[in-house]
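Quick setup: one chain, the form predicted alone, written in structure tokens, and binding and motion questions come after.
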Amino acid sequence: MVSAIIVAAGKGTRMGPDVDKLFLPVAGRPLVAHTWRRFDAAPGVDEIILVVRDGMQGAFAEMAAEYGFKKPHRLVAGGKERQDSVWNGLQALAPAAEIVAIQDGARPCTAPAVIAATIAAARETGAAVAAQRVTDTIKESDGGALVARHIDRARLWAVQTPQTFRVPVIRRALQTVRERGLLVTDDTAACELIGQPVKLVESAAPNPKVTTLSDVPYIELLLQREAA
């Protein structure tokens, strides 16, 4: 059984104090509804866990009804940090879940082929992540003002979501994070702590995440092109 956790508990502080980016109208529906639709339509996904801010359960239930999402889903309250929200989602998985794909709620353009490829790679390796090769020239700075050194981009990848795992692997990795009192920026970082190899799955198509308001027009264009 394959489960998906959509992490939708953050408000997005970089968007401004009065903006909930997950509910921004983009290409005719709330941003997070596009993300939910991706996994509702994904052939290899059997159930969806949405980790939401406590008090927002009603809004997500209304969304499911309005857009006719069909797959079994559960709503779980988020935690203080992203890793806490993922942990809460893991506790809500069906007992039969073997593989879990963890997705940012604000990343609505993930290609179905990438979802399927990360699932297949996680079955084989234990952990997998959608990623794109870094194409810009990269420099390191000591203090943010001057270039300290050049970094070879040939070995650099920008990781995205889904980040997909065998369920026991990600549970053990995040348990280690919790026991050590660490803060990790993504789930693959937790796997690195326990020495778990993570397979890179190249995302050939754009797979952006909404971080600031300036990201919205590009994502809207991608979604409109896909619908045309």
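Nothing here was measured: the structure is a model prediction, and the numbers come from that model. The numbering used is simple: start at 1 and walk along the sequence shown.
There is also a form predicted in complex with a further copy of the same chain; it is not shown, and the following applies to it.
Contact check for residue 203: every heavy atom lies farther than 4.5 Å from a further copy of the same chain in the predicted bound form. Residue 40 falls outside the set of residues with a heavy atom inside 4.5 Å of a further copy of the same chain in the predicted bound form. Among residues of the shown chain, residue 35 is not one whose heavy atoms approach a further copy of the same chain to within 4.5 Å in the predicted bound form.
A residue is said to contact a partner when one of its heavy atoms sits within 4.5 Å of a partner heavy atom; residue 63 fails this definition for a further copy of the same chain in the predicted bound form, lying far away. This chain is displayed alone, yet in the predicted bound form one of 77, 111, 120, 138 has a heavy atom within 4.5 Å of a further copy of the same chain; that residue is 138. Annotated contact segment (heavy atom within 4.5 Å of a further copy of the same chain in the predicted bound form): 155 to 163, selected among 45 to 53, 25 to 33, 170 to 178, 155 to 163.
Interface residues of 145 to 162, taken as those with a heavy atom within 4.5 Å of a further copy of the same chain in the predicted bound form (partner not displayed): 145, 146, 147, 149, 150, 151, 155, 156, 157, 158, 159, in sequence order.
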